[in-house]
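The structure tokens that follow cover one protein chain in two forms, given apart as structure 1 and structure 2.
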Structure 1
Amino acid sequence: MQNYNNPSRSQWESILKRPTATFDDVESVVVEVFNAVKASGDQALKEYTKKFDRTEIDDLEVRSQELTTAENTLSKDLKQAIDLAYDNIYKFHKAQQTSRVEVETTSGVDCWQEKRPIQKVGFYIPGGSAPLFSTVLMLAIPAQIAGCSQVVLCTPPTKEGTVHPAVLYAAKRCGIQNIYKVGGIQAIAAMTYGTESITKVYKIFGPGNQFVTLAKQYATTLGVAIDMPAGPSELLVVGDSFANPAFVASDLLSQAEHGPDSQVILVSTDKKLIDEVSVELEKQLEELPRKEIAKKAIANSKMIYFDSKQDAADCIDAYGPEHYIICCEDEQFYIDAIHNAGSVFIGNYTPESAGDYASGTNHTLPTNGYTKQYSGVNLDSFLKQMTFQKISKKGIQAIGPAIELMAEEEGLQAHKNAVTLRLNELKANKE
């Protein structure tokens, strides 16, 4: 842990600096795989799966028999847990639906805005040691509510050529029809270009390692949108004497176990809390199966003490954490003072894990300071806003002269002319 006492504003940037990844040697691999998938489609997918995932796949698509088997394999308790998470996530994202916005801006000028679904979306779900079936729910439920007509899910197969049953159960629960055993760069390439088996999509969502991250970034240069730019996961807790040190330590560790580059920060206006959390961290760390990973992240973690609540809040806002836990007496102050955070967890009984799995909020969030300009995944991530207008004869007569003047001043005579022709016709018909 690295401890700081009332650091000055000029120090904040360097204290809270995030690790910057360099991808130079990965980039050539990404381009090579994309080109191969563009040229040879499914055949390339199978070859890369053999090379990278060390398994031979004849049929890339998961068939209904495998879905049924998965459902039968999974414990009843886990299925019920997934069902509970499904219900909460569904409720919260369903409530995000908005109705069409309609305004008659001038008499005879009707303007409205409607949201329509992105028709084709693709999800990348990491496999391997941590099969992220929770991410299936976080992406597929809002897509289902939005009404996306084609949903493609790609996930790398195990060495036995299978997919974790919880991933399949979650996908089936969300009505996903097209599930493929393909991972890594080749999965992103397949959803970008399309292959014999896999449909080309308009937007790709989901987490992944540095290869997947760079592949998604590369896909954006080929006309595909992505959910958001990625970076290591991060958690900032602000606490005072109201906070429970053991709970705070457990939250910091839940972040630390993600990876050695996870960002773990405690900001406090209470020195005692920093000492107590440090003791708890050491104690709890020893019990964790992933303690080697967590230890590295904790070694880089920051504990920052501030005398002033306002300084604490300003420092947090300058950082803009992905996950932000508030365990303070005056929680409203720390809610209102912040502009930049992905998801906010309030009070001693609101662990970050709740939002990761089952409370209902989405866990796909901006990291790396991108909270300053990006939203986390939400219902709108699967919709586009379109505008419409219908103008009556009276309407164009009311706003037409203003349009003519403005178009002329911008030097766009044909824009003016489109109005003038209509106004002249209306004048002629009146006379």
Structure 2
Amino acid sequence: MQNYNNPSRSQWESILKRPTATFDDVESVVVEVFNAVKASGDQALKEYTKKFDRTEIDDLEVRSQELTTAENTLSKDLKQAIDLAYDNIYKFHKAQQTSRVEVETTSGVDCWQEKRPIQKVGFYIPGGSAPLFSTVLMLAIPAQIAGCSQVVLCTPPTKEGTVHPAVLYAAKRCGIQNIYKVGGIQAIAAMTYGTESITKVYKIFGPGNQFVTLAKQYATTLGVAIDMPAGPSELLVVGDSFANPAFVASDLLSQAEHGPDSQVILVSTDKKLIDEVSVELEKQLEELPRKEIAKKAIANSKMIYFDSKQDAADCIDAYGPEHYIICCEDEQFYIDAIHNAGSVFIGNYTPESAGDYASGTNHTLPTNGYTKQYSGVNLDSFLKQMTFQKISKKGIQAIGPAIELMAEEEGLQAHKNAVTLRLNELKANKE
């Protein structure tokens, strides 16, 4: 990891730069795949699956027998762990439900707001060497609570042409029936355009590598919404003498092992902690099965010392981390100071892994500094807020003259007439 000692504010932007590709870097590949899927549908999906995933798929859809086999394959302990996570995630997201908001703004003018589910949603679940079955729970449970009527799940197949059984068990646990062995850019294109097998959706959710992230952004230009820009994982830990160096190192590595383009950062007001974490990183890294991946991510990562708590907090807020762990004696200072973070973990016994799996909060979060504009996935991500109004005769008489004046001033005569006709009719009937 690269070390920085009390960097000036003018240096922060360059120090905090993410190791991510720009859209220009992969635009040609994204456009090529989207165009092929639009033109050839399922056939293009099969060809790109063979090219990118090195497997041939005859039937893109996961059938009921595969779901049953997956359930029977998993250990009882893992199924119980998934069930526990399901319950906690369900509780937290169910608590986010709100009731109808209704106000009489003027006598005779009733306005209210109700929420309606997005009818068709698509989930992208990363596969490969780290099949994220936990992400199935994070997306499907709030969709289930919201009442989304159609859910499509796409996930890349293994080289054997199968899907990890835990992904299938989690999907079945959440009641998902439309599951497809399609990954990468082609999966996002399929959910954007629709194919013979896969239904076009209104909104796409889920994390992925840089290709998937950029494919999702491209989908927004074609009339499909996305949850957020959620690309390579990142984590920032702030610690002082209160922090446990072994815990901090384990948290940093927990994100570094996601992929070579992940980034982790330690910010500290204690130089001793930085030294101790460095030693722990080297020791723990050698024990990881995915150490080669983690090493590449560590090369993109930073350790930053500040002698000022305020500078440390300001630098963290400027970065806007996806995951943010606070292990400091004055934890409330850092809690109050943060405005830009996806999810915050507080104290020595709150690892980021808890949020990834079973505490109940959602792990689908904005990355690459988008925490300044976006929230993580939550129940409202699957809902639209619709407004309603009903105006009585008394109500239109109360606000009608104001509407007439405003419409006329804007030069919109038909708008004015729509009110004037009603007011004249009421006046005539009264006479």
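Think of the rigid core as the biggest set of C-alphas that the two forms share within 1.5 Å after superposition. Quick caveat: nothing in here was measured; it's all calculated off a predicted structure. Counting starts at 1 with the first residue of structure 1 and goes up one by one along its sequence.
Between structures 1 and 2, only structure 1 derives from the form predicted together with a further copy of the same chain. With the core held fixed between the two structures, Gly376 has its Cα displaced by under 2 Å. Relative to the superposed core, Thr49 undergoes a C-alpha shift of no less than 2 Å between the two structures.
In a rigid-core overlay of the protein, Ile403 has its C-alpha displaced by under 2 Å between the two structures.
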